[in-house]
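There is one chain below, alone, in structure tokens, taken in the form predicted on its own.
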């Protein structure tokens, strides 16, 4: 804004060099969130790095649906599998301060970003555990499990446009359902009776996700559309 208001003021060489460096990064396809180091999600300012996915607006639907399941004053256990930057876990922990949120990720670098975000936002009711999917929480139970797992097909051309983001957090096999099948298989053992699983997925994966869940005896399998009207989050219950 200052430049528009004062066009007569010359820029110093350092500022010009910085601008050109940022422009080159953006022209190469790097997300602005990585360039600035910041992304807003659920009205929270989160730090992001190339170790984490950039949180998407459609993922706020997953948070919204989870919060509908968790009573405001409930002392519940909530699990976020594959937390990345911690966006989902931190948003839920902030909105449900009496609940205890556990967040896992296989990436040590991503977990460090998530921990820093929780510290900077002063969210105390959250713990971060390192490990692959349900491995770090074996033997524990929760009331709600949420996950935004990788769900892009390994041959999807969209991956080329997302080359700056971690491939392991995006791609999940030939049909994009490898990670979701793991969740469908393993998450029932982590939930209390009447517990709820919420999974974000691709717009074309509704039927495949439902089939994976029903194969493992989940009940009341329901898909919810995002704000663009696309199938985005499937909710299932233990019975």
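Since this is a predicted model, take the numbers as computed values, not measurements. Positions refer to the first chain, counted from 1.
In what follows, reference is made to the form predicted in complex with a small molecule, a form of this protein that is not presented.
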{"property": "Residue 77, heavy atom within 4.5 angstroms of the small molecule in the predicted bound form", "result": "no"}
{"property": "is_contact(residue 103, the small molecule) in the predicted bound form, heavy atom dist at most 4.5 Å", "result": "no"}
{"property": "Partner proximity in the predicted bound form: residue 132 to the small molecule, non-hydrogen atom cutoff 4.5 Å", "result": "yes"}
{"property": "Partner proximity in the predicted bound form: residue 87 to the small molecule, non-hydrogen atom cutoff 4.5 Å", "result": "yes"}
{"property": "Whether 143, 193 and 219 all lie within 4.5 angstroms of the small molecule in the predicted bound form by heavy atom", "result": "no"}
{"property": "Region of this chain that lies against the small molecule in the predicted bound form, out of 119 to 127, 132 to 140, 91 to 99, 69 to 77 [heavy atom, 4.5 Å]", "result": "132 to 140"}
